[in-house]
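For this one, two forms of the same chain are given in structure tokens, first as structure 1 and then as structure 2.
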Structure 1
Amino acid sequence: MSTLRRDFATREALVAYIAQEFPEATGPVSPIRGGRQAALAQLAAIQPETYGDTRNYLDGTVTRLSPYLRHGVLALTEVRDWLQQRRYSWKTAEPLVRQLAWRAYWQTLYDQWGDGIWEDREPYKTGWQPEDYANDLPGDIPDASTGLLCVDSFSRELQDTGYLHNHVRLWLAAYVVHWRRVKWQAGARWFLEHLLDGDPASNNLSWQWVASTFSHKPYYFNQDNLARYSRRRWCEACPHDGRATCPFRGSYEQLARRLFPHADLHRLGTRR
């Protein structure tokens, strides 16, 4: 009989049962809880007033609703309605509603493209060809042994908690695709193993946006950007800080010349 159990006194009992029933699914368990009750508690705690100004900072007031929205535990319209019912002005609500719309947008494209979201939607604008990118993720990235404090910490957080801040996803994806020159699909598959909100549409199309196969130019960053939005959390203790060995050090123009030597610099929009 293929019916699974529902009677668990504790989370530990549930986790032990899952370990026994799904032995191939390994790794730690996230502190983030599933369920409608947890979703509603998370919704009640959102801070729309400060969201817009702080969302790019790692200590900003992002909602962390993504695992619930991804699995339909909470509908996108419920979050929008919650804001409307509390009479938040459009000016206050707009930044958050816009991010909700990103999810709706990716879902609409998924509906039209189906498994085509796994294919490059457009050519890379990096000056490199698809065959210049490696097929597989280098082992030091999931092993968190690149020696870069920031990247190794992002990798561990992904695998330990199943959640990453949007800015961290952008940095990590850019590192994989542009610094290590790995196909975005390899990074996307890795994220889907671990993200509690792992969703083929939002995930793959965001990776394509970083890679430039679904955008006008590649997304990349420099140390100033990472240090600013993380408030130097990793740079402070990193042996590469202030040295040429930090691969993110330099202006956008310098990095573009190094990462994309065959690309048209003007098209890369290096003036940020």
Structure 2
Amino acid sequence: MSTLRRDFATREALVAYIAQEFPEATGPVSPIRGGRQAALAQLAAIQPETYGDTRNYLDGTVTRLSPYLRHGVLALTEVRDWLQQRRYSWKTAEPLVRQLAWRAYWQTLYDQWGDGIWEDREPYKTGWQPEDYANDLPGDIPDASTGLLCVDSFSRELQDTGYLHNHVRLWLAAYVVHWRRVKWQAGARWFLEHLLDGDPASNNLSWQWVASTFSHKPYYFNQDNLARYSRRRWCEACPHDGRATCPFRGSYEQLARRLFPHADLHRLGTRR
């Protein structure tokens, strides 16, 4: 087996080489750059001062460090140390440190459970039984042909770039599991096929959190939530905007009655 080249004058030369060596690889090239130099540049560019208040917005100041953390180009401790060296207050640093801690927590559970992260850790809290969920992802979701502008955009971005904002991951996972009633495992496999930061621990246990098999209630959202945190990026151009045909339209209570008719609705509350 020959050793792959590692020295390239330009990124374009690297892309051409990969296409030559792996002709079966198809699709666009992700804009995410790999390597230690790119990782350190991304670390230097993070903005802890605004991260906590804006991270849930799609145009917020997220770090985009996850691909480098996933592949060991950066360590969690390096990010922590970077924050400490710059003497950020705990109030400023805490939102980001908390996300690092979640990542470490998921990995600890993965170390304990192994392939058990592919199994329902708890029963569904949705009022539905496991057999009520489909085993396979419907073709219109990866084909980006659901007719829902937001969902189709999420699907294309996942497959074209290998990355999704965390809030988009939650919305897309909720759509798959709760609106289409598909087992979370099918969605988790799909994500891992495409995400450049696709860590099995964070991915699978987050899907289980959405599904309610690793949480006390399911995560779901409504149109107001999507419009707020996307700043109506898709709603205004969507033919379903403001119409009853939008599956996300309604209050959380109304959606809960539609999505989980057999559940104890008083326990579901709201997830934003």
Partner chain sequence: MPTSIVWVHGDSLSPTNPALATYPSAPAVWVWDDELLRAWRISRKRIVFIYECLLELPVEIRRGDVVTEIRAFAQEKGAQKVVTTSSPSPRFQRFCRELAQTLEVEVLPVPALVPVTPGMDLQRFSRYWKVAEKVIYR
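Take the two forms, find the largest set of C-alpha atoms that superpose within 1.5 Å, and that set is the rigid core. Since we're looking at a predicted model, the values are computed, not measured. Just so we're on the same page, residue numbers count up from 1 along structure 1's sequence.
Each of the two structures shows the same chain on its own, and it is structure 2 that derives from the form predicted alone. Fitting the two forms on the rigid core leaves the C-alpha of Glu21 displaced by at least 2 angstroms between the two structures. Positional change of Arg11 between the two structures reaches 2 Å or more at the C-alpha, relative to the superposed core.
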